[in-house]
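Let us start with two forms of the same protein chain, each given on its own as structure tokens and named structure 1 and structure 2.
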Structure 1
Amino acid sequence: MTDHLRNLLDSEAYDKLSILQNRYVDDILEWSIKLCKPARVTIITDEQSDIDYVRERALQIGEETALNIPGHTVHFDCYRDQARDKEHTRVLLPKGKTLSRYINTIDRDEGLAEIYGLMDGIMTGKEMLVRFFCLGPRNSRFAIPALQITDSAYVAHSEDLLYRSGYSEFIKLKGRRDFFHFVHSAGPLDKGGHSVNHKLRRIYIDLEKDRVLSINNQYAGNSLGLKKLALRLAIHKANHEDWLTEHMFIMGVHPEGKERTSYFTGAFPSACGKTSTAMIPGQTIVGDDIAYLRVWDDGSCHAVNIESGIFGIITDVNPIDDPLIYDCLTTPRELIFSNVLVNNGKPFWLGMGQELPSSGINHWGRYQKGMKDEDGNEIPPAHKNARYTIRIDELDNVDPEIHNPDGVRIDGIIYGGRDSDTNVPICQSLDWDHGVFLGACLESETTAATLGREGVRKHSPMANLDFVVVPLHQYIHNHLEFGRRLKRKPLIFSTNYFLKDDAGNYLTNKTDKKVWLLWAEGRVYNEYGALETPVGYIPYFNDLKRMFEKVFHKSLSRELYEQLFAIRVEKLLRKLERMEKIYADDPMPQRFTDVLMDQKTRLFAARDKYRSDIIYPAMLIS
């Protein structure tokens, strides 16, 4: 440790830092202190007293406020800081390097000059909190230590709930540089404790140094370095090594009447059913957002949840549809609400199943129904992107293997898209390469089809497009190669819960996805047959009929089955045309191109054979 750094720290902070014996940590901290110029530096270890200090500090300085239920607090972000800032989230790109056009970049030298200028003195008069976390279970080959430097006690408290403490992991590094680091500042605050310089919000990802610099924000998606910002760093690391970092849940599937657990991962774009799948009744959850996947010693695929908590959207969480989560949100435990409505110490949110008060405190400040902002927009009582932050161990359906350092063996992978008129509810890929293709072609219909106008479809390969910081062809190539290294490959499935009839009514209920999941789990053990189609394997009617009767005590009609699992050739060919255009600018691996062309050939051949643009299962059997 340099003499200069010794002079920047009090004796307690110096002692805690010196235990690490890591000059890289020392250099990062010295640089951060000199640039940001905090009034005080506090080092937080794994000790409970240190962790308690962070929570108490958040309450003391007003970044959080205590609510009526013990352990519950609320935080409000700036009115203009309520979601991920895609425009100002940029990868710092060194000269001579290129990335896919989907990735928002800025010249590295230009970006660093800008953000260093904005960071100069940004913590003046504030306390710098230095945190040590572990991405993934401790004592694991999956684990990546992470250093978080922030002037926000709310950010530091949130990460206590979301991640495993990692001071001990930094000791185990024995001076090595193998960790991510993040420097964050909320910037100047108004009287309400909100960031005021939202127009100077910057989130810059520096792949050269495994770091993220984030300023003038408080919303967790922009300020919590270990979440989606660390996801980008890990994607870069994984795609230059031999593993995968994915925007996936991990869940344990428990078939009724059988003494076994099969583990599935799942990648779904927003509003495509990711959370509702991970929380299907009777199943267990390992993680809801980000997974690291590795080829294990026996040739199988193992995965861990890098987090130990949930930063979940609270809108529409209600006691009918989400009883497990709702119970956690309404009983004593350590929990942070953000951007909800608070009335007399009680939180309220949109879609919670009861009438909301007409006044209170929310992300705007003092709220009264009918208020409008400076642009004339009516201010909702709670923000539609309001959140809750909670430890995943608080859920009754948490899986017992959540902290297993070896992770869990993955038996199946689900890629879930959303469209009203094309894909079947559940389909198994023909093989691993075809499964990677299905994931790379994920689409989410953002606007439902009305009056004959087709819905707007947004493409998101592996539900990860916003976070991929390597060229798409490399990202997809690494998925294909990952499968080649596996001796025991997980089965890959695609889902679509949103098919509609001609009148615009959904063909299935919200709960039906449990049957699709259990069918996929049964396929792992060859307990169900499958009908081969041009786009993959689909369930037989008799199997689904028995499953619906057993699981829901209701009947599935042959007519509905034929409608749900019809192969809509023309619409599928249009989708392939969209994919060809999308990937034309970033030439894909030959194996990917071959799979695409093979699928197109199969669809054309089927249309010619059956002389129809819609091929029903009964036609394939006859």
Structure 2
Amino acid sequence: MTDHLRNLLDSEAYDKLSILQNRYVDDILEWSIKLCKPARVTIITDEQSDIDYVRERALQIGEETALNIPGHTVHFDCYRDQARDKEHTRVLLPKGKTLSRYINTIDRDEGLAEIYGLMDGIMTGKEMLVRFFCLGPRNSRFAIPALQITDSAYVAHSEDLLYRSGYSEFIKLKGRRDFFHFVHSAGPLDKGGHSVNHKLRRIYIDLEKDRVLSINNQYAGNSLGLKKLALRLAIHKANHEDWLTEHMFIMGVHPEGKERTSYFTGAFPSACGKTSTAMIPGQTIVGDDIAYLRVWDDGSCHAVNIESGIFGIITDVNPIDDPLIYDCLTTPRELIFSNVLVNNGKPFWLGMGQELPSSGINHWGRYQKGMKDEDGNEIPPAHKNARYTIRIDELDNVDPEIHNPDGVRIDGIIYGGRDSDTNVPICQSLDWDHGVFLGACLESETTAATLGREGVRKHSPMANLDFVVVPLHQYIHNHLEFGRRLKRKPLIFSTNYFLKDDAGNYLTNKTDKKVWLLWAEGRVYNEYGALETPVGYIPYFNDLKRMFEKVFHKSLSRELYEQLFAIRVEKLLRKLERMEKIYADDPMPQRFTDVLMDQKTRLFAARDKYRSDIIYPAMLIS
């Protein structure tokens, strides 16, 4: 350690740092302190007393406030920082390199000059917290150590709930440089604890140095290094190696009356049912957001959750639709609510199943119903993208394998989007490559989880477009290749929970997804037959009817089945046209183009054969 760094630290910080014997960590810290100029530096190890310190600090400095139920706190992000900021999240691009047009980039030199300027003195008067984490279970082939430097106790506290601490993993590095690092500052805060300089929000991803610099923000999707910032670095790393980093949940599926557990992963764009699928009653959860997948020694696919907590959307969590989460949110445990409405120490959120009070404290500050913001828009009592942060271990439905260093064997992969008029509720791909194609064609109508208009149909391959930092064709190629190397390939499915009738009413209930999931699991064991359509295999009416009776004691009419599983040829062809356009300027692997053309040919042939733009299952059987 240099004398200079030694002089910047107190003796406790010095001792904790010197145990690591890692000059790369030292250099990063010295550089960060010199640039950000904090009033003091505190190093957090895996010791409980250090971890408690962070939690208490968040309360002391007002980034969090205690609520009535023991362990519950609330945090508010700046009113203008309520979702991921795609516009100001950019990959620093070295001269001469190019990426797909969908990836937001900035010239590396220019971006660094800008952000270094903004970071100069950004922590003046504040405390710099230095935390060590591990992405993935400790002692695992999957694990990536990660260093977080931040001036936000809320960020450091959230990460404590969401990730495994990893000071011990840094010791095991024995001085090596194999870790990601993140420097974050919320920037100056106002009296309510909100970032003041949100207009200067910047999130710059530096693939050259496996680091992300993120400033003037607080919303976890922007600020927490280990969440979506590390996801981007890991996609880059995996791409240069032989594994996959995905925006996926992992869950244990437990078919009723059977002893077995089958593990599934699922990728859904934000706010499309990813967490609630992983939390379906009767099943177990490994993770709800980010997974690393590897070809295992026996040729199967193994995956781990790189997180150990949930940063979930709270809107519409109520005792009927999400009983497990609702229970968890209303009983004592360590839990951070964000951007809800607080009245008399009680949190309220949209869609919770009860009336919200007309006043309280929310992300705006002191809230009174009917208030307007500077743009003249009515301030909502709670934000639609309000969230809760908890440890998964706290849940009764946590899967026992969550911390297994070998992960779990994956038997099924689900791709789902918010699609009101095209795809069927559940469909199995024809094979691996066709499954990759289904994932690559994922589209979703936008939600409140990102800034911008809602309800616009957006394309997001594998629900990962916001995070892909390598050329798209390469990303797709890796998925195809991954399958080639698997001896036991997971089956791939697409789901759509959001199909509507012509009058705009949802055709399925929120809870119906349990049946789609159990059908998919049964397919792994060939327990259900399937009807082949031009776009993949769909369930037979009789199987679904029996399942609805068994699971929900309700009957499924043949009429509804025909409506749900109609192959909407015209709409599907239009979707293919959109895909062809999207993928035209990023030349795709030949195999991908072939799969796309084959699907088109099958759709045209079916339309000719049945002389109809909509093909109902009954037509395929007769």
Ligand code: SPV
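Numbering for residues begins at 1 and runs along the sequence of structure 1. By rigid core we mean the largest C-alpha set that fits within 1.5 Å across both forms. Here the structure is a predicted model, which is why all the values come from computation and not from measurement.
Between the two displayed forms of this chain, it is structure 1 that matches the form predicted alone. Positional change of Ile19 between the two structures stays under 2 Å at the C-alpha, relative to the superposed core. Core-superposed comparison between the two structures: the C-alpha position of Lys37 differs by less than 2 Å. Annotation: Cα of Gln82 displaced by less than 2 Å between the two structures, core superposition.
Core superposition places the Cα of Ser612 3.2 Å apart between the two structures.
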